[in-house]
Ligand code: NZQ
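Okay, here we've got a single chain as structure tokens, the form predicted alone, with questions on binding and movement later.
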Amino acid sequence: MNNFIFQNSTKVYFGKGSVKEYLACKTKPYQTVMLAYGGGSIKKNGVYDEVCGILKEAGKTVVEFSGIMADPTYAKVQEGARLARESQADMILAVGGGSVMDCCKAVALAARYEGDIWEDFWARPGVINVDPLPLGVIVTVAGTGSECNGGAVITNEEKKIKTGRDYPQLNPQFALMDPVYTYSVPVRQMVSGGFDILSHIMETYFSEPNEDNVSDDIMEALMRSVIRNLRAAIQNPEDYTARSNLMWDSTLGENRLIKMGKKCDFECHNMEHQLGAYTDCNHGRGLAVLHPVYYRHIYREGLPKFVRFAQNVWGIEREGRTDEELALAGIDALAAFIREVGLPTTLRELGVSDRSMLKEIADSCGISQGSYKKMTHEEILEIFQECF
């Protein structure tokens, strides 16, 4: 394996009842809590009342920061930072999925940093030399794995750029993860999040090194788990075993563990981020459209790994197939799974109706240095056109 340094500072409290059991003690050192959430679904499913009840019983002053959108914008980050400073909040509690958590990581930094965090930390990698506002998270959607990393994907609407950075200093101090909290997520959103989990793992798996390594072995098990448990959760959205497994799959996919010793690709994420910046398409659904087409463009450069994917993840027997035929069978199995769980297979299904804008979007995409095959903007445009 390649050399690496592993760090993860987030303490996880996982399981049924974990919020009731641990929230009061984890917020004990703080007086004014900025409660952050999205469009208000937590008010419909009882999570809001439960969390607020615990905080108020503990004597906390609660300041609400609501309306965080599916793709958090830099403007929303600045709004949250202003509120945190004006209210003199001494911690942020993010309740929701990846978008809420990502936004709050950026808010935690912006509240304590005097400069422009977009220019200094998202437009290019930076060095954080201030202490961000303490952050805790309560996870209600399994998908991004944002609860156990310092990663935050933010959209600058003015510049039409959607960029993610991962700073260890932005890791939440704690994550409360009760799988029951994910029950009320609509099946469509659950499936989108489930594919995002699978995508994160594949983006790491399909990269060097190809030699035998622990990370690839773990990822094959995780991919099988996501596929098996997503099928089960579709059949019964309140299957606790399936929902708890998906929740932990999500965390393990993005808590840096499986990335150790790997180059990582994330070209599909680069492409989908820019599609999202221009069209506001759903992240997991956009990835579902792109992945099979992208993999048909790169499989020859990573042939041994694609053969492993077919055999060890999808259980496809060789049965006289060449390596290339086996690799393609694995990609076909992925595409069939996408259709099976009801995800889209074309950009038109995502609401992208103007084919002429694809070149501008392709030209704006970042180029991954970890891919088996380094993309060009011309080839990215080909992929978009094949997906259209």
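Quick note: we count residues from 1 along the sequence shown, nothing fancier. All values derive from a computational prediction rather than experimental measurement.
From this point on, the text means the form predicted in complex with the named molecule, which you will not see here.
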Pick from 219 to 227, 119 to 127, 139 to 147, 309 to 317: which stretch has a heavy atom within 4.5 Å of the named molecule in the predicted bound form?
-> 139 to 147
Partner contact for G40 in the predicted bound form: the named molecule, 4.5 angstroms, heavy atom = yes
At the 4.5 Å heavy atom threshold, is G302 in contact with the named molecule in the predicted bound form?
-> no
Would I68 count as touching the named molecule in the predicted bound form under a 4.5 Å heavy atom rule?
-> yes
4.5 angstroms heavy atom contact with the named molecule in the predicted bound form for Q189 = yes
Consider the chain as shown here, without its partner, and state which of G286, G80, P72, P172 has a heavy atom within 4.5 Å of the named molecule in the predicted bound form.
-> P72
Answer key: of V293, C268, M202, V185, within 4.5 Å of the named molecule in the predicted bound form (heavy atoms) is V185
Taking F206, R256 and G330 as the candidate spot, are all three within 4.5 angstroms of the named molecule in the predicted bound form by heavy atoms?
-> no
When the named molecule is considered in the predicted bound form, the residues of 287 to 326 having a heavy atom within 4.5 Å of it are none
